[in-house]
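Shown here is one chain on its own, the form predicted on its own, set out as structure tokens.
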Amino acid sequence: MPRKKAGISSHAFRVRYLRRSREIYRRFLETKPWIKQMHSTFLGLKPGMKIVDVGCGTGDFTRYLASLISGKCAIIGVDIRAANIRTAEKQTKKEGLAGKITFRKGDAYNIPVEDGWADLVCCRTLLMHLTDPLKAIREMSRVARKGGTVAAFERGRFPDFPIYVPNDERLTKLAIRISESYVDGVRKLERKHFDIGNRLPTIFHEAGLRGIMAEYQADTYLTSDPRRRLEDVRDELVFYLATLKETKNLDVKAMLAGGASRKNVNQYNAWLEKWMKNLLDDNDKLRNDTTFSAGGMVLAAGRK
């Protein structure tokens, strides 16, 4: 059950994987059409909307939003990194969406868009990386028009977070404890909430938004799922294995700070690395493995 990593030192490898992951994610959505429907309904997407996507990165989510709207719309993607903006513009032009989307350099605390311009101001997996998410939501609200929507898609934490290692209750419980320790450790060391999804309604309320609503989008990981292409699953495992090796020291530091013992951390990491290597060495094992994990995104929105 690979964890989402905070970072990876091999920038070139990470960029290659992120480019490949766009294709993987699109195919994933094709197997679950109800997710697109939920996003469209929850965000109230319709032709003619003005949208700002904050912390857009290379524009994957920005282009996804545009694809959900039939007809005209105007979307501005904002990111702090100029390199991301250049990549976003290039890919957006390649996909024929330059007529709907433009990009600007800026950060979540100082969005380069005038007051009250947007019908919808949103972000995806941005607030989890900020030390002052409330400040960012207040800035997003500034950009929204009166009656407009502010929305965020962020990871949450759930007490019954489902993980199951086949026929090994001890390791199953250990995996759950390690995941919790990692989130707690990041909060202590960096003052960032990787489980911020649970906090979104409260943050929105504190920012002065009204009509707050929330949904949960589940995300399961099962290598034997026949709806997923073998090469997609293998690509993900290769990436997860590489990040495990390259970020192990930082991850261990966070886990220990979150209350895990070094013995348990070493046990878990040794099992996880062995599990991924075994699957990558044998496609038959990969397609018959029933190790299961699930997480997901909290979708929250409020009216200005």
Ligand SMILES: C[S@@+](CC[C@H](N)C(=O)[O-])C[C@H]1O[C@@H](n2cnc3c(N)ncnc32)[C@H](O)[C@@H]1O
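All values derive from a computational prediction rather than experimental measurement. We number the residues from 1 along the sequence you see.
Although it is not shown, the form predicted together with the ligand is what the next lines describe.
Heavy atoms within 4.5 Å of the ligand in the predicted bound form map, among the stretches 128-136, 194-202, 168-176, 86-94, onto 128-136 alone.
Proximity to the ligand in the predicted bound form, defined as a heavy atom within 4.5 Å, singles out one entry of L189, L222, A74, I80, which is I80. Taking the partner from the other structure, the ligand in the predicted bound form has no heavy atom within 4.5 Å of any heavy atom of G116. Taking the partner from the other structure, the ligand in the predicted bound form has no heavy atom within 4.5 Å of any heavy atom of M255. Within 4.5 Å of any heavy atom of the ligand in the predicted bound form lies no heavy atom of E246. Taking non-hydrogen atoms only, F239 never approaches the ligand to within 4.5 angstroms in the predicted bound form. In the predicted bound form, G55, C56, G57, D60, F61 are the residues of 37-73 with at least one heavy atom within 4.5 Å of the ligand, listed from first to last.
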